[in-house]
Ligand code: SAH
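What follows is a single chain, given as structure tokens, in the form predicted alone.
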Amino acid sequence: MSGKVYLIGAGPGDPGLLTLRGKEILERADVVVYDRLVSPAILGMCNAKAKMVDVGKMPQHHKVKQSEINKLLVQFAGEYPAGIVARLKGGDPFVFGRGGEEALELVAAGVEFEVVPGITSAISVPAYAGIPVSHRGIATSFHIITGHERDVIASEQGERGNLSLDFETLAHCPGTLIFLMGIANMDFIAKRLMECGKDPKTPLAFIEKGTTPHQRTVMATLETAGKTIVRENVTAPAITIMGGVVELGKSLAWKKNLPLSGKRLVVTRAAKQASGITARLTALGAEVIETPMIETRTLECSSNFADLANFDILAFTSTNGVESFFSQLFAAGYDVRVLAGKKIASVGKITEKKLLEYGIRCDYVPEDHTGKGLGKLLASLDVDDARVLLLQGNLADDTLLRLLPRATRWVVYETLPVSELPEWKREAVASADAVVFASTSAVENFVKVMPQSTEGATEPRISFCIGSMTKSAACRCGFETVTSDETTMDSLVKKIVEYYSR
């Protein structure tokens, strides 16, 4: 018995381009063997309990040799009988991804495998730069070529051996030419193509770090290719696209026009709450690294739900409190009818919106979306002997109880801090442009788990905060803070866009 190996294409970088099949397998994987070019956001989709193995390759430096990777896949399949081993590769496994070599090794070892295709950078990266690889009247075919063959490198060094690239044919090909992994050899390739008759004025584009926040397009021509690479310091990973379609990129480049294009943002909300803001920020061009700083767990109420009859007002101070309360209510065999006749209070608009998902409209929402604001509002109500029930978490302070001394508190959930981050995530977070905080506990725990720089600061330094209490916590921890005008995700996203549009 051995596990099954999945050769998964992660796509070019944008996590939104990972296939649904790939995501499904990663969420169940026991082992994930991944490459350098795989986006941190995609790694964040992997099963939290999976063994993560970095075999990433850098130009001129192979972290783990391909032959060793092949053996690792067989080894892990044996170590995890009936398990899932995910081999996560940038782009598509079978487009210059050496997936065929890995598959042959698995066949020889009798290991079952499946190929999950990925979106190749040869097509997707030009698309993100506004360059269609084919276009009526300009190019009716496109050709994907490796620029990293050993023979090409040998020829660049002056060893005129047998070349695997047919430059004569390529030079007279009317279609679009797309070279992958060829930046180091592109000066030589361009010269050979011109020697074989290709027009020196052929438009050319180098697209660096395609579909990621750091995507950059550098235009040139065949005759200026080598000088342009040096002058503009074009570095891998990058693809080279040649042909008339390149000119279309001057008017069709859409990615760079998104307001958050080029920004990497860390979202620290709990995983089940992060998807909403992640989708908004991603649609605006940002790369989002979901990095929950706290985990919440529903607790069993110490009181019987029949005791709800003793209260007139139910006050919710967080979305976690709402979800935990109703989870317990339904599990106990009750439904929302038990709340008939009661007034409902919410600390702010986000919690109010969560209550509405359960069909509950709020009667009281303070203008000041804090515990203090809620306490003052309820204390000011002209309701004699109103009995108030506070639905809170274990870390809630006593602000509401001080303002409402006759209130009763039920602790319906507990908050647990995340104790550590894997190395790949710490590196991704440290290189981010900013971090998004929605609670004081997230701020405090972020500082604990992220290592400080040599200057004693935690990176990144810019924070976007919801609410004055979160802002205060971030300021105390030395962050530059930007706070939303309202305690809503829409307001926070608007503030982030405004900040980067200055």
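Because the structure is predicted, anything quoted here is derived from the model rather than measured. Residue numbers here begin at 1 and follow the sequence given.
Only in words, not in the display: the form predicted together with this ligand, which the text now covers.
Original post:
Which of 325 to 333, 288 to 296, 350 to 358, 202 to 210 has heavy atoms within 4.5 Å of this ligand in the predicted bound form?
Top reply: Flagged stretch: 202 to 210.
Note to self: Quick check on Gly91: any heavy atom within 4.5 Å of this ligand in the predicted bound form?
What the structure shows: Yes.
Is there a heavy atom of Ile239 no more than 4.5 Å from a heavy atom of this ligand in the predicted bound form?
Judged by the heavy-atom cut-off of 4.5 Å, Ile239 is in contact with this ligand in the predicted bound form.
- [ ] Determine whether any heavy atom of Tyr128 comes within 4.5 Å of a heavy atom of this ligand in the predicted bound form, and answer yes or no.
- [x] No, no contact at 4.5 Å.
Contact flag, Phe142 vs this ligand in the predicted bound form, heavy atom cut 4.5 Å:
Taking the distances in the predicted bound form, the answer for Phe142 is no, it never comes within 4.5 Å of this ligand.
One residue of Gly249, Gly97, Pro366, Gly393 in contact with this ligand, assessed in the predicted bound form (non-hydrogen atom, 4.5 angstroms): By the 4.5 Å heavy-atom cutoff, the listed residue in contact is Gly97.
(message) So this ligand isn't shown here. In the predicted bound form, which residue out of Leu193, Ala270, Met181, Ala428 has a non-hydrogen atom within 4.5 Å of it?
(response) Of the candidates Leu193, Ala270, Met181, Ala428, Met181 is the one lying within 4.5 Å of this ligand in the predicted bound form.
Listed by sequence position, which residues of 1 to 32 have a non-hydrogen atom within 4.5 angstroms of this ligand in the predicted bound form? Only Pro12 sits within 4.5 Å of the partner.
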